[in-house]
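Next comes just one chain, in structure tokens: the form predicted alone.
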Amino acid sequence: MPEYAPAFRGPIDLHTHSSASDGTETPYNVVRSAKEAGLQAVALTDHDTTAGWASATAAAHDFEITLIPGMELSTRLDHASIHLLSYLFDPANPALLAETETIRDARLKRAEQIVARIGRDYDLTWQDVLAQTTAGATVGRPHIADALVAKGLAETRSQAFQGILHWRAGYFQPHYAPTPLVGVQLVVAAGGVPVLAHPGTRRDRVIPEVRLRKLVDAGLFGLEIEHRQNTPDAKELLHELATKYGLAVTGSSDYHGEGKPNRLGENTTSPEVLSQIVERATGTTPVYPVPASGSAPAGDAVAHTP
């Protein structure tokens, strides 16, 4: 633990995205928006990348807000996509770095294939998609959705996903991702703390208990239950599973700027749970606001301090 570690109070939002993946704001501006929204702590969790950590760290110091460096790791169970929120891991861990690079390459190839298919029926090119991305971003379907909006083929990103990008439209293409078990093992080995992201979009899509038990044994810390996409009946089941297996419960916005209707702080995590995450992590530390005395925090995410 760092020498300077202020007590967490709240509100705390542990799931946000920037232009380093599929959000519409830069990492710096996501943190600034979090401060403006009245948050005391925020996690940056871009898809399969830590590219936004340095800029977000600068913003955390500038706006005096605690930053929890993180990532949303893509995993797949059979045909289902399962995302793993990963907090305070070592971003230089070789195994995790290699896996995220493989995932990003697969996402890029998948996106190109989807665009080629759509382009046979609609006026859409790969250059249209690239025009909606920033340098170094993890390119994915949200950027295709933005391109469809820019071309007048959809009114909003959400409408694009409900229409042309819906799997029933015939353009869907899966991409490589490790299993959730491998994902949990990678994050834990990198000193991080893993939490299943929005695991209850439908009750019948909640991960089977026999699979969940294996994740718990591998080091799964919690379930993101308070999320706008989780249904009430699925939340009920998830709370039962969290109690049974001693899993922490988190809540988050899944903020994407203007890319989604989700607003910062619409769901939050308790200070007690965030303290538990910080205590468990060994990969890196939060970026704390500089104390009033002017002394610098001992831990900094960019320093990769175990």
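Small disclaimer: the values here were computed from a predicted structure and weren't measured. We number the residues from 1 along the sequence you see.
The following text describes the form predicted together with a small molecule, which does not appear among the structures shown.
> Can you pick out, from Pro178, Pro91, Gly191, Gly140, the residue that has a heavy atom within 4.5 Å of the small molecule in the model of the complex?
The residue in contact is Gly140.
> Taking the partner as it appears in the model of the complex, which of 58-66, 251-259, 270-278, 30-38 has residues with heavy atoms within 4.5 Å of the small molecule?
Result for this chain: 251-259.
> Do Thr125 and the small molecule come within 4.5 Å of each other in the model of the complex, heavy atoms counted?
Judged by the heavy-atom cut-off of 4.5 Å, Thr125 is well away from the small molecule in the model of the complex.
> Is there a non-hydrogen atom of Phe161 within 4.5 angstroms of a non-hydrogen atom of the small molecule in the model of the complex?
So Phe161 counts as contacting the small molecule.
> So, Arg107 and the small molecule: in the model of the complex, are they within 4.5 Å at any heavy atom pair?
Result yes; Arg107 sits at the interface with the small molecule in the model of the complex.
> With the cut-off set at 4.5 Å between non-hydrogen atoms, does Asp13 touch the small molecule in the model of the complex?
Contact check for Asp13: no, nothing within 4.5 Å of the small molecule in the model of the complex.
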